[in-house]
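Just one chain follows, in the form predicted on its own, and it is written as C-alpha cells.
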Amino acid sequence: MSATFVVALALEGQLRLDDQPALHRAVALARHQSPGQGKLIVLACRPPDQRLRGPHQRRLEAQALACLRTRLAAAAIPLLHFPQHTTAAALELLAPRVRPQVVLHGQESRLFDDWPLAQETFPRVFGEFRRGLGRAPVPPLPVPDLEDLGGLRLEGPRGWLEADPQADAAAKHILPDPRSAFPFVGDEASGLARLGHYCLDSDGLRHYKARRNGLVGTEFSSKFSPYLALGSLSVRRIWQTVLDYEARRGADDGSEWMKQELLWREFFLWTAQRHGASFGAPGGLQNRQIEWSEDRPLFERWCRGRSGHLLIDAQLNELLSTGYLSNRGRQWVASHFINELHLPWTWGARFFEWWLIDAQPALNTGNWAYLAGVGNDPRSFKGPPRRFDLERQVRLYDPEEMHRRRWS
C-alpha cells in the first residue's frame, strides 16, 4: 500500500479559499498521488512579517478563521492554528505527529504575480506607474475541489485544532459599536457578499466616485479594505467583479475610480517591496530631514482622542470605538498630526496600524509618508507636504456636522 502523502498549506494570513493560488498548487500535488493517498492540512500561523494587531482587527480575524475552519471541516481537512508561531516553528511542533512532504505558502493577494514594471526603474509616482502598465491583472482562481483530500488523523493539543481563546475573547467582548460604518463580519462569505452587493446588486459602485468622501453610514464607500487586510477577500476577485459590472452596465466614473484605487494599493505594495526599510524610515523615500516635535504627553493625549480639536477628536473617537475611519477622516487626522502638531509621522502611522481594522503596513505607511511629504507625492518633492484646511473640509463634507455630533 502506498504511504500517505501529506501536503501542508500555510495560509500566511490569507484567510480564504477563493483565488488562493497556493491552495490550487497544494490540491494538484495531493491529487497527483495514488487515489486516496494525497492528504491536505492547513496551517494558520503568524506570518513572519506580521506586526501586532489591535483588538478590532483581532475580532474580525477570529471571525474569518472560524468560517474557514468550518468550510475545511466539511471536507475533513484540519485547520491547525498556531497564532504565536511562524510556520517553521509550527512544523517543528508538528514533527512528532506528521511531517508534510511538501509545504506551500500563501501570498498576499496582488493584481500581478510579478513586477508589473521593471523593478530597477519602478516609478516613484503613481501616475507613471498607471500609465506604464502594459498588461492586465491576473484573473482570479475559483475554489478548488477538495473532495477526498481530507481525513488525515492527527492527534495533538486541542488548542491546535480549535479557535485561539485570546482571539475568541476579542471576538466576544469587543462588540461592534452600533454607530460603526463597518458593522460587517470579517469572514470570506461576508466579504464576497459585500462585494456582490456593492458592485452588482446596488448602485454603490456606480456612485463610488461621488460618494467615497462620505463620513457616516455603510454605503458611502465599498468597505472592501478590511477584507483585503485580513486576506478574506482577493483583490483579483474585486477587479474581476468590477469588470463584470462594466460588461453589464458599461464603464462609468465609479468603476474607473474603483480600479484606480485598487491600482493605488498595488503601487504601494510594490513600492514597499522595492525600497525596503527606507520606505518606512522617518525621512522616507526622499531621505528628507524634517524637525519633528517628540512631545510624548501631547501624543498620549492625541491617542486618547483629546487633541483639543473637535473635528480631529471626533475622528479619533470613531477610530478607537470601531477600528474604522473614512478615507477623508484619515487624511484630516494625518494632516493635523503632521502640520499642526508637528509630531513624528511614524508615530501616527503605527497608531493607525494598531487600531485600524484594515491596517496593512505597506498601504498605511505609504499614505502617511505621502501626507508627511517624504513619500510618493510629487508635489512634495521640492516643496512642503499637503495641508488640509480643516474648516473648509468640514464645510464641504460635513456641513451639518452629522459626523462630529455622532462621535463627539
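The first residue of the shown sequence is 1; numbering continues from there. Model, not experiment: these values are computed from the prediction.
This protein has a second form, the form predicted in complex with a small molecule, left out of what is shown; the following refers to that one.
Interface membership of D358, defined by any non-hydrogen atom within 4.5 Å of the small molecule in the predicted bound form, is confirmed. Heavy atoms of R288 never reach within 4.5 Å of the small molecule in the predicted bound form, leaving it off the interface. Remark: F352 counts among the residues lining the small molecule in the predicted bound form, judged by a heavy atom distance of 4.5 Å or less.
A residue is said to contact a partner when one of its heavy atoms sits within 4.5 Å of a partner heavy atom; F337 fails this definition for the small molecule in the predicted bound form, lying far away. Screening W239, F184, F82, W264 for any heavy atom within 4.5 Å of the small molecule in the predicted bound form leaves a single hit, W264. Exactly one listed residue, out of L228, I77, L91, A314, brings a non-hydrogen atom to within 4.5 Å of the small molecule in the predicted bound form: L228. Not one of S180, W302 and S408 comes within 4.5 Å of the small molecule in the predicted bound form, counting any heavy atom. Per the 4.5 Å heavy atom criterion, the small molecule in the predicted bound form is contacted by stretch 366-374, the sole one of 58-66, 44-52, 366-374, 30-38.
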